[in-house]
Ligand SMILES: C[S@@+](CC[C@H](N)C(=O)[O-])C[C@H]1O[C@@H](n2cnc3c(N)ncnc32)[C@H](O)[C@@H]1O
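Single chain ahead, by itself, as structure tokens, in the form predicted on its own.
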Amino acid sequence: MVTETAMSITPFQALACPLDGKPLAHSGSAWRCPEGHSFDIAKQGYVNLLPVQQKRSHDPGDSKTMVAARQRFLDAGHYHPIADAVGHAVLGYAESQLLSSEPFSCLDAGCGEGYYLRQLADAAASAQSLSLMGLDISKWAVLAAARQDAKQSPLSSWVVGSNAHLPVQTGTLDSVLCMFGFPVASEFARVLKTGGVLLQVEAGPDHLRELREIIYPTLKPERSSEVEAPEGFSNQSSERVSYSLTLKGSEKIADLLAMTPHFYRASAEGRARAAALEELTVTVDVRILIYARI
């Protein structure tokens, strides 16, 4: 069933060929460029725009296991305050375009299984018109996102692709999200319109500190909190989201660890210490950095 809110939300269409940068046109069950390159739309509703020459491995990005762990963890609402803050920021900028004939466009660059875009769609007022796209280098993540989106009505374009070579036409986006991902400022600047916004969410100094203290012998010194705007951007604002979270049950703790880079960075002994826990209270501490495209 499509809600009134969902009716004002459409998949982003200004895609670009990953081989030559030419605009892609949606034609039947594929996207095609003027040079004849064609990319089939999978039955689940996503398109793979990651050519083999842009891959660093056979199966890049998060594994199927990591995606499943993240989906369980996020669907339980543990990071809802983060999604709420991001949605509030994005929709605040979208409100300034209510009189525009074009919908406010947003790319989640490193979308995972689509949680933050779904939360954004749910938070949008019926008067707000959004055009959404989720991109991730992991085919398993995009597959999971597309499957969940298809349960009601496709709200977003779901694309397998790389932040280093965004398959998006130049100057077509109003906003870009980079949630705990791998920011590529030059590409974000290229695809954003002048005055468009980049919302970058990154771990703060205390993020998951209690878990890190268990799995690592010592913690690395924290980076400076002073962050310069990337080239092509100006500082707009920043926000800190911090709260305490208690996880009960070894399965939930295992999901948290599995969805983070710490799973691979920790030693076998560190992972074993985490696996032995039945309850864990951790600090969630993130920074939302907002930049404007100049």
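In this text, all values refer to a predicted model and were calculated from it rather than measured experimentally. Sequential numbering from 1, following the sequence displayed.
Separately, the form predicted together with the named molecule exists; it is not shown, and the next lines address it.
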Discussion item. For the named molecule, considered in the predicted bound form: do all three of C111, I137 and M179 come within 4.5 Å of it, counting heavy atoms only?
Written reply: yes
Worksheet item: Looking at 190 to 198, 157 to 165, 89 to 97, 203 to 211, which one sits within 4.5 Å of the named molecule in the predicted bound form if you count heavy atoms only?
Response: 157 to 165
Worksheet entry | Proximity to the named molecule in the predicted bound form, single hit among A121, L74, A83, L143 (heavy atom within 4.5 Å) | L74
Worksheet item: Does the named molecule get within 4.5 angstroms of any non-hydrogen atom of Y116 in the predicted bound form?
Response: yes
Worksheet item: Does at least one non-hydrogen atom of M259 fall within 4.5 angstroms of the named molecule in the predicted bound form?
Response: yes
Discussion item. I'd like to know whether D255 contacts the named molecule in the predicted bound form, with contact meaning heavy atoms within 4.5 angstroms.
Written reply: no
Practice prompt. For the heavy atom contacts within 4.5 Å of the named molecule in the predicted bound form, list the residues of 43 to 75 involved, in sequence order.
Written response: G61, D62, R70, L74
